[in-house]
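This document starts with one chain, in the form predicted alone, laid out as C-alpha cells.
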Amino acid sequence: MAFDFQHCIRCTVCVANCPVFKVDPAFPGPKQSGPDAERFRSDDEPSIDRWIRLCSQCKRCEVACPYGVNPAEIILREQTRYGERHFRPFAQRLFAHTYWVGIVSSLFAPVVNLLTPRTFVKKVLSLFGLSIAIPFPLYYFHTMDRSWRWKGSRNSRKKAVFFYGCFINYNRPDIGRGVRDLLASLGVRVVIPRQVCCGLPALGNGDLETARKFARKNARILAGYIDKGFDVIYTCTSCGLSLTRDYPGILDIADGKKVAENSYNLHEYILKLMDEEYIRPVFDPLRRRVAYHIPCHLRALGIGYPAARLFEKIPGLEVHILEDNCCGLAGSYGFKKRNEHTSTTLGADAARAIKAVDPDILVTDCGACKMQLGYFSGISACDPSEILKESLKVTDPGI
C-alpha cells in the first residue's frame, strides 16, 4: 500500500518541505503528526492530537517523500476522525459548507459585497473565529450555474463536461465562462451540468459525511456523461485533486475510479488535443513579464505544469516559474483565526518572491492563491486560461 506508514524512515524530507512547520512551532510536522503518530493510534480510542488541525493539507510532504508514504493522507484521515469525535468550532462548520454559503451569498451578492468590508461586520466575524487579515472575495449573482449549459457544435468529435468548482462558480464566474468559450473555440462540445461542491472543503474541515454526500452526487452525474463519451475538465487544482484522488481514495465513492481516470486539467487537455492533432493552434505574441506561482495542489496532481508548457509557445511572453512557496491560504485554512499568523506569514513570504521578479502580471491556477498573493503583492492576479484565451488562435479544429 502506497500510504503504508511503515515505509517511513528517518529522512525527514517531508518536514523540510512543510511550510506550516517552518512558521508554526505548535505543529510538529508531517512526519510526527503523520506516520510516526500513526504507529500509536487506535480506532478504539479517541483522537487526542489537537495539533492535527494545524496541517493545511498543502500536500508538499506527499510530493517530497522518496518512499511513497503519503503523510498528508494519513493526517487527513486523522483530521476527519478528530472532527467526528470532537466539537467543531463555528468557523470549521461554516467552511465545511462553503457550497451553501456560496449559494446564499450569490443570491444576495450586492448586499454581501457591501457588508463584508465594513469594520463592524469584520469584528463580528472575528468573534466567531474567522480571520479578517485579507479581504473576503466578492460574490456574483450571474454564477456559472446560471449560465448557458452548453457551448460548441453538436457535431464535435470531442465532448467535455466542465467541473468548475465553488470559487469559479460564485467568485470568478468570468473565468469559468472564459474557459467554456475557450474549449468551444477548440472544437470541443462543452456541457455544464448541475453540480455541487467537490467535497474537499467539508473533508478538510472534518465533515466526512457531507464530503461523501457531495462526492456521490457529482460522481453519479459525471459518470453518466463519461459513459456517453465525455471527458471531465477541471481548472481548480484542489477540485482536481478531489476528483482524481479523494473520490476513489479516502471517500471511496462508487464510480470514483471512473471519474478519476477520465478527468483532465484544462491545460493538460489542450496539450492532449494538440498531441492528437485534433487542433493546430497559432499563438499570437504577448509582450509581458509573468510571475507564474505554482499552486501546491498542482504539484500534488503529478501532471507537471501544463500551462507553463503552453506559455512556452507564446512569442514574447517572459515567464518566471515560482514553485518554492506555499501561498498559505490553503482554501478555508487561512480564513480561520487560529491559522492567521501561519497564513499571513507564508503569504507575505510568497509575495516577496513574486515582487522580486518585477512582473507585469501574476498568474496562478488556484483561486485561493489568487486572493492571497494578489492582496499581499499588490499585483493583479489572473488565471492561466486568461493568458491563453488572449493569445491562442485555432486553425481547423477537428469537428
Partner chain sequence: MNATYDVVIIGGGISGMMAAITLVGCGKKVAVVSKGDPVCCFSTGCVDVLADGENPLKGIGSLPEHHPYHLVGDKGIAEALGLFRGIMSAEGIPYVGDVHANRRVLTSLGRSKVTCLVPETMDFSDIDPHESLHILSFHKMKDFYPQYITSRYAKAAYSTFDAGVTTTVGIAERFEDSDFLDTFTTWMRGLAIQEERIAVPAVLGRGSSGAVYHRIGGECGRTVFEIPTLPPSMPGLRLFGGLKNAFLRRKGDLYWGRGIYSVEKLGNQIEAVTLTGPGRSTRVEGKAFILATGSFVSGGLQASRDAVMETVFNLPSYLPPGTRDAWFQDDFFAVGHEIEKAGIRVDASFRPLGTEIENLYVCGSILAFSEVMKYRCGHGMAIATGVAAAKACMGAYSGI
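Quick caveat: nothing in here was measured; it's all calculated off a predicted structure. Numbering follows the first chain given and starts at 1.
There is another form of the same protein, the form predicted together with its partner chain; it is not shown, and what comes next is about it.
Look at 165-173, 305-313, 187-195, 124-132: in the predicted complex, residues with non-hydrogen atoms within 4.5 angstroms of its partner chain sit in 305-313. The candidate spot formed by His97, Arg212 and Asp252 is out of contact with its partner chain in the predicted complex: none of the three has a heavy atom within 4.5 Å. Looking at Arg41, you'd find every heavy atom of it more than 4.5 angstroms from its partner chain in the predicted complex.
At a distance threshold of 4.5 angstroms between non-hydrogen atoms, Phe376 is out of contact with its partner chain in the predicted complex. Under a 4.5 angstroms non-hydrogen atom cutoff, its partner chain in the predicted complex has Asp275 among its neighbouring residues. Not displayed here, its partner chain is approached by Ser263 to within 4.5 Å at the level of heavy atoms in the predicted complex. Out of the listed residues Arg299, Lys159, Arg288, Arg93, Arg299 is the one that sits within 4.5 Å of its partner chain in the predicted complex by at least one heavy atom.
Shown without its partner, the chain has Val63, Ala64, Cys65, Pro66, Tyr67 in segment 56-82 as residues with a non-hydrogen atom within 4.5 angstroms of its partner chain in the predicted complex.
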